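Below, in structure tokens: the form predicted alone, a single chain.
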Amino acid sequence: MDIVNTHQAHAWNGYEGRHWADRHDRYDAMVGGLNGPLFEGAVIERAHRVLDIGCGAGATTRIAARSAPDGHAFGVDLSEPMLERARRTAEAEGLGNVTFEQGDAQVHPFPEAHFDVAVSRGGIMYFADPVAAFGNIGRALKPGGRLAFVCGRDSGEDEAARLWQAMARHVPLPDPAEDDAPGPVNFTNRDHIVEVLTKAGFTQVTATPFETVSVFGRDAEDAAEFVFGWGPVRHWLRDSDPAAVARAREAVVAALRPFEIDGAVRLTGPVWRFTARVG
């Protein structure tokens, strides 16, 4: 297996990938609001072959498989722990038209001109070389094949920002202005993404802004426990004073309390849906 995105491979095959795999239902609740807009843009037909990039624990791959009962859905991801969960869930649901494989989408040897549609629920945000990665995905699509993905949108109206602001009052967090690593922070600008897709050979690029509601937990305490268990947060706080981390947790609980609605913490955030064609 060829891997060029080594930093992400290490993270997703270590604690971060295991945390997601063990709590896949929690993460799916957090990002499940993206599914509707994503698949509206994908326009999957019954006999389509669908490629799911960064499929994680397989929720979107299973949706694709059910959308193409006479076709096939193929999910690829760096994380073996998440793929193990994906395979078990698909088997339990009796889905016979779905396959999962570990790989780096930037260099994975996909069959050329094989898929009708490629989708991604945020997995495309982590490419080390986005132009090369999208070029590789484009070669896997049939002429005229469709790409649809969702990613973050920097609008200054993200309710989750209050969470990070509360945390940052007590512990040091990375400065987004100094963060140039692949990830959600650096794949939000419409013009940049359009440029990447165009350089990779895609045409008919469209960007649709929308907002999504994410469920972070049952209540503020439960949501804060979930957030402080995320891999990046644990990494950021690894050298912080435990007393400061405790104060940060209390501050996050207080910041999330106003968002407790009908038995869940719900935060609204801005998102892009991109669609494009090959050729």
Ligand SMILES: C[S@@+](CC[C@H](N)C(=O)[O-])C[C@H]1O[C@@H](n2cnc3c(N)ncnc32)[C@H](O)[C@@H]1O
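Given the structure is predicted, the values throughout are model-derived calculations rather than measurements. All residue numbers are counted from 1 along the displayed sequence.
FYI, the form predicted together with this ligand isn't displayed, but the following is about it.
The single contact residue among 225, 45, 219, 28, judged by any heavy atom lying within 4.5 Å of this ligand in the model of the complex, is 28. Of the candidate stretches 50-58, 247-255, 63-71, 234-242, only 50-58 has residues with heavy atoms within 4.5 Å of this ligand in the model of the complex. Shown here without its partner, the chain carries 118, 135 and 143, none of which come within 4.5 Å of this ligand in the model of the complex through any heavy atom. Contact annotation: residue 5 falls within 4.5 Å of this ligand in the model of the complex, judged by heavy atom distances. The shortest heavy atom separation between residue 78 and this ligand in the model of the complex is within 4.5 Å. Contact annotation: residue 127 falls within 4.5 Å of this ligand in the model of the complex, judged by heavy atom distances. The closest heavy atom approach of residue 123 to this ligand in the model of the complex falls within 4.5 Å.
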